[in-house]
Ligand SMILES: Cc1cc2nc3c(=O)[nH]c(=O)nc-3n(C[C@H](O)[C@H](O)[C@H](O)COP(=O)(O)O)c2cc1C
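Next comes just one chain, in structure tokens: the form predicted on its own.
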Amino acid sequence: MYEDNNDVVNFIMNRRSHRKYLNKNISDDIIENIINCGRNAPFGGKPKPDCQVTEYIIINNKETKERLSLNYEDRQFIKDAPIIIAILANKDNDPKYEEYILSSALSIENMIIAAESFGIGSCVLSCFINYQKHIKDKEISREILKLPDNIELIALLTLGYKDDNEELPAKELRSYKEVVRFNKYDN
């Protein structure tokens, strides 16, 4: 476990993806805070409403969560997550902006860090943005959420209070020296 005097650094360094949650509701205030942190992430364009493309659907309906699991074995845990947030990009809000996936990803990271600060675990699920073999799964998810054509489904974020009985594998990272270079890519 990483130890630092900076709470934000600790949240980032110790954060893990959680797939097991307590059966405990998350208050509307906390959910709003988490989403507001996502809304405050960097995004392309001027800091004006018409440049903000990321939008959200809060999912707490059991049937909807079950349907979004898509019968994938490794996705069944989302049925038990108290909350799922669908992260979307409204491509009509700033039609010239093509980096909507990046803006939404930055929003997701802010929400993950905010959730961690509240003691809430999270896990990001891909929505098959770039995978040709999952086109049908993406269509099913879009249908479940009743998304119009101008709304892109970027990811799902599960949220729930962490179950201390969850066994998490050790996190291993490549070393700093392996991944950092200065001024150019140099072996």
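All residue numbers are counted from 1 along the displayed sequence. Values in this document were obtained by computation on a predicted structure and should not be read as measured data.
Beyond the structure shown, there is the form predicted together with the ligand, which is absent from this document and is the topic of what follows.
Among residues of the shown chain, Ile31 is not one whose heavy atoms approach the ligand to within 4.5 Å in the model of the complex. For Arg15, a non-hydrogen atom is located within 4.5 Å of the ligand in the model of the complex, even though that partner is not displayed.
Interface residue remark: Lys171 is counted as part of the site for the ligand in the model of the complex, having a heavy atom within 4.5 Å.
Contact between Lys20 and the ligand in the model of the complex is not found at the 4.5 Å heavy atom cutoff. Only one of the listed residues (Asn61, Asn150, Asn40, Ser126) places a non-hydrogen atom within 4.5 angstroms of the ligand in the model of the complex, and that residue is Ser126.
Only one of 141-149, 32-40, 61-69, 118-126 places residue heavy atoms within 4.5 angstroms of the ligand in the model of the complex, namely 118-126. Residues are counted as partner-facing when one of their heavy atoms sits within 4.5 Å of the ligand in the model of the complex; in 61-79 these are Asp74, Arg75, Phe77, in sequence order.
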